[in-house]
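Following this are structure 1 and structure 2, which are two forms of one protein chain, each written alone as C-alpha cells.
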Structure 1
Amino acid sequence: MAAGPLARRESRRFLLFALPWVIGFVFFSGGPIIASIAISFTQWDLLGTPRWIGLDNYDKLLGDDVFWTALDNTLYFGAGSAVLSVIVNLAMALLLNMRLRGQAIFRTIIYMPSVLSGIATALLWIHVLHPDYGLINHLLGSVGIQGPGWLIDQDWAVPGLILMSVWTTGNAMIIFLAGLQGVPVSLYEAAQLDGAGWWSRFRHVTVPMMSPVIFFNLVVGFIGSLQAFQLILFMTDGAPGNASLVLGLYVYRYAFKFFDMGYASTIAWALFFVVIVFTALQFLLARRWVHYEHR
C-alpha cells in the first residue's frame, strides 16, 4: 500500500502530537535504559572518565555474598507481600461483595491507606511496629502474646515490612471486587441446589472463576514488591545488619553511597532479570491452576 500525501500528512501529525513522549523516551526512559547497559560494563565514580571493564561487574556480582543475601530478602519480601496481599484483599472483597449495608464506607476505609502510602505513613509504621511503645505489640500483649522485635530483630525486620506493605495494597481489593461482580450468580445458585456449603462454593465456584483475576493480582503485586525499596530505605535502610537489604536498596547504596555507577547498574539489571524470570515462572505455573472461561 503506497502512502498517499494524506497518509503522510497524518503520519507527520502523529509524530508532532507524540513528540513530548518521544523526547521523554529519548532522555528519560528508553535512552537511559540503553545507557544503563553500557554503564554496567564500566567502572565509573562519576568524577573521572568511565573505564571499560567488560564483564567484570557481572563476575563480581556472582561472587558477592551481600548480593545473594539481598536477592534472598527481595524474594522473601516480594513473595510474602504479594501472597499475603492476595489472601487479605480477596477475603475483604468477598466480604464486601455480600452487599452488606455501608459497603462504600468499608471500601473507602480499606482503600485509603493505599492512597496515603508514603513517608508519612512509613513513619507511622515505625511507631506502630515499635517493640515497646507500638500499637501492634500492645494489641498482642493484651491477648497475652509477647510481641517480637519488629524491624529490630534479624528475623522480624522483613515480616514487619511485609505487614506495612499489605496495608497499602487496597488496589488489589478493588480489582477483586470488580472481578467478583462478573461471576454469574447462577453458578452459586446451582452449587447451593447441590447442597454446597460456603466453603465448597468458594473452593469450586469462586476460586476457579476468579483465578484469572487472582493470577493478575499475584503477578502485578509480585512485580511491584520485587522492586519496592523507597519506604524500606526510609524505615530500616537494610538494617539490622543486612536483614532487610533488598536489591532495589542495594542499587541505591552502590550508586549514591559508594558512587560506583557501573556496579549499581549491574545490580539494577540483575533485578530486572529476577523480575522477568519470576514473572515467566508464574505464567508457566498458571497453566496448572488458572481457569479461562473462553479459549
Structure 2
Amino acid sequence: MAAGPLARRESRRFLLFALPWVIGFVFFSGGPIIASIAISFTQWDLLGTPRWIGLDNYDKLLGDDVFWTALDNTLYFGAGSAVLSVIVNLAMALLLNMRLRGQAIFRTIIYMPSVLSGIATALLWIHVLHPDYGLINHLLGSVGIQGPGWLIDQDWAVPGLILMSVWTTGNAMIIFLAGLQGVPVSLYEAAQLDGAGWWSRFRHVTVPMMSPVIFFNLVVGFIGSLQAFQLILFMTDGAPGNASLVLGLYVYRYAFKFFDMGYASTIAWALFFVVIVFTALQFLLARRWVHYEHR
C-alpha cells in the first residue's frame, strides 16, 4: 500500500533531522573505524604515502613485551575500576535513597565531580595522591599507617589510578538510584516481617532485584575503563617505567609521538578484541547471578 502525502512528508523530515548524525557518524566514527583496518596492514607516518606491509604489524604485536605489559595493566585497571566503582556507587545510591532533609542538595554535591573537566580532576588527584602531603596519606598517617608512594611506586601506580577513577562515576550512581527506587517496598516489608535484618534485606532483596542494574554498570564501567587514557596520560604518562601504561595510552604514543599509524591501528584493534572477549565473558557469567523478573 502506497504511503500517503503526510507519511512521506514525515519520512522526509525524519531523514532531514537524522542526516547530521549520519554524516557525523560516517566521517568521524564509521569511516575512521573502517580505515583503521586497512591502515593496520601498512606502515604510515601520516606525512608520506602508506606502504603495504601485510601482517608485519601483527607479528610485531605478538612479540612486543611492552604491549603485553600494557595489556596486563589495562585489565588490572579495568577490573579494579569497574568493581570498585560498582561498590562505591551502589553504597552512595543506598545512602542517597534514604529519606533525609536536603536530599536533593546531597545528590547534587555527590554528582558534581562527574561533570568536572578531566584536566581539573587529574590535577586534583595528583595532589590527593601525593606521597608527602597528599590527603590520603595524611589520613593514613593519622591512624599510624605509612602511606605508599602513590603514582611513583610501581606496585601502587595502578591502584592509585583506580582510586582516582571512582571520582568521576556519578552517572553510575544515578542509574543505581533509579534502580533502587524501582524495587517494590512490599518486598522489604515482607522480609522485615520474617525477621530479616538490614544485611539480609540487602543480600536477599536489594542485590537480586538490582542485579540487572549492577550488571549494566559493571559492563559499561569495564568497557570504559579499558579505553581510559586521558587522565592516565596527564597523571603518570605510563610511569614509573611502564607500570601504569595502558593500551589506550600505548595507542596514543605510537600514533602521535612515534607517528606510526599502522602499528597504532594494530594496537587499537587488539584492544577492540580484548573488549569484545571480556564483554562476552561477562554476559556468559551473568547467567549465574543476574536475575530478571520475567524468569
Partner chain sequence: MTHSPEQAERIRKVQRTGAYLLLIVCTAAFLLPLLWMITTSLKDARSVLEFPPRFLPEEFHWENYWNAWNSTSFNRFLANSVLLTGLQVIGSLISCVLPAYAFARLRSRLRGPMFAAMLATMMIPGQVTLVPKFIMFSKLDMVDTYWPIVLPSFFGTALYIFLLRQFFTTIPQELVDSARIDGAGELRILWRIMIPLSKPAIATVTLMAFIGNWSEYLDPLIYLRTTELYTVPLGIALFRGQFEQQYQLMMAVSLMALVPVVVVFLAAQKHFIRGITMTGISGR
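Because the structure is a prediction, the values reported are computed rather than measured. Heads up, when I say rigid core I mean the largest set of C-alphas that superpose within 1.5 Å between the two forms. Please note that residue numbering is based on structure 1, beginning with 1 at the start of its sequence.
Comparing the two isolated chains, structure 2 is the one taken from the form predicted alone; structure 1 is not. With the core superposed, R287 shows a C-alpha displacement below 2 Å between structures 1 and 2. Superposed on the core, the two forms differ at V22: its CA moves 2 Å or more between structures 1 and 2.
When the core is overlaid, the C-alpha of R13 ends up 5.2 Å from its other position between structures 1 and 2.
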